[in-house]
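Next comes just one chain, in structure tokens: the form predicted alone.
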């Protein structure tokens, strides 16, 4: 099976790279830790059409496959963009049969967040800190409503984490457990794509610095220990890329493979991004630990993401169970 991107998807990736490079940066992520606004922000993502990539055309979206959104998410992850496209992908699945709400998601007029855990007091949920309308699973029912937000002190402000207690709720789908599970799988794929972008960027920054920095009269990239760290991190990134593309493709082309593929991608992303971010800090030495350098911002994102939407152990367990059961 050829999982390479087609010409349209490469063009989409190039356009997304240009947009995110001009509208977001690690510097903006650092500013977020000091109370600054996320960049590029929800309105900018809506205006360029990224929030509606997987929203059906009847609701004002593009109706494109998840792989198109994944290649965009990868470019956003490379510059630690916010808010996350994870929320847009997950909410698009949940609102596919509610076109009036899906339209508000696509055009950015309503700030949605999807709650993990109880609607009476959720776990920290992505993009909940500045959301106005929340989607949650109440028993077996999919509900939407307003909520009381309890933001935390963020390790990575770009994720907009907050706990929420719904203060109103309206049932928009009954017996929604399967729909909820699929939406979470799609969200895991998009988060893995964002982490792929972050890990790839971390490795590139590490390689560039190793080619410039000198120690004991030699560029540090010539030392075997540095080479091995960077190569191991790079190899992990390329393995993750294959998993992300497979999982995103499976969402639309082989739905039966999505549970296994999404868990494999999410589990791999957790370790790959953390290794790449840690390597970036190690290659930079003392300066890599400082507030002024961007390396710690990638490390923060990696540490937070490995716990969101299920940790590495949960997804590895899912991969093992599905593989044993003959998922493929």
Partner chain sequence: MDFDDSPDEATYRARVRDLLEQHAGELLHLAPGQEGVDARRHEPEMRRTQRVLAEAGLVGVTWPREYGGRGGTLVQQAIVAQELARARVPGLINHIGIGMCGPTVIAHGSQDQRDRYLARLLRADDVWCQLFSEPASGSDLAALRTTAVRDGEDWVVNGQKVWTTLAHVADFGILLTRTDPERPKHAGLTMFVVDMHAPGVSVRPLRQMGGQADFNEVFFDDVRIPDSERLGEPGEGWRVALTTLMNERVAIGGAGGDIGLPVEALVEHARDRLPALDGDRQVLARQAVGRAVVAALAARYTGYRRLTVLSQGGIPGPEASAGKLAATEAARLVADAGVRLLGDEAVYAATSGGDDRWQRTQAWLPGIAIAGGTDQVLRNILGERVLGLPPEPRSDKTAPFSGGRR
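Residue numbers count along the first chain shown, from 1. Keep in mind that what you see is a predicted model, and the values were worked out from it rather than measured.
Beyond what is shown, the protein has a form predicted together with its partner chain; the following relates to that form.
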query	finding
Which of 174 to 182, 138 to 146, 222 to 230, 95 to 103 lines the interface with its partner chain in the predicted bound form (heavy atom within 4.5 Å)	222 to 230
Non-hydrogen atom contact residue 163 with its partner chain in the predicted bound form at 4.5 angstroms	yes
4.5 Å heavy atom contact, residue 238 to its partner chain in the predicted bound form	yes
Touches its partner chain in the predicted bound form: residue 243 (any heavy atom, 4.5 Å)	yes
4.5 Å heavy atom contact, residue 50 to its partner chain in the predicted bound form	no
Among the candidates 37, 27, 58, 287, the residue which, in the predicted bound form, approaches its partner chain to within 4.5 Å (heavy atoms)	287
Heavy atom within 4.5 Å of its partner chain in the predicted bound form - the one residue of 168, 109, 211, 132 that qualifies	211
Residues in 65 to 97 close to its partner chain in the predicted bound form, defined by a heavy atom within 4.5 Å, in order	67
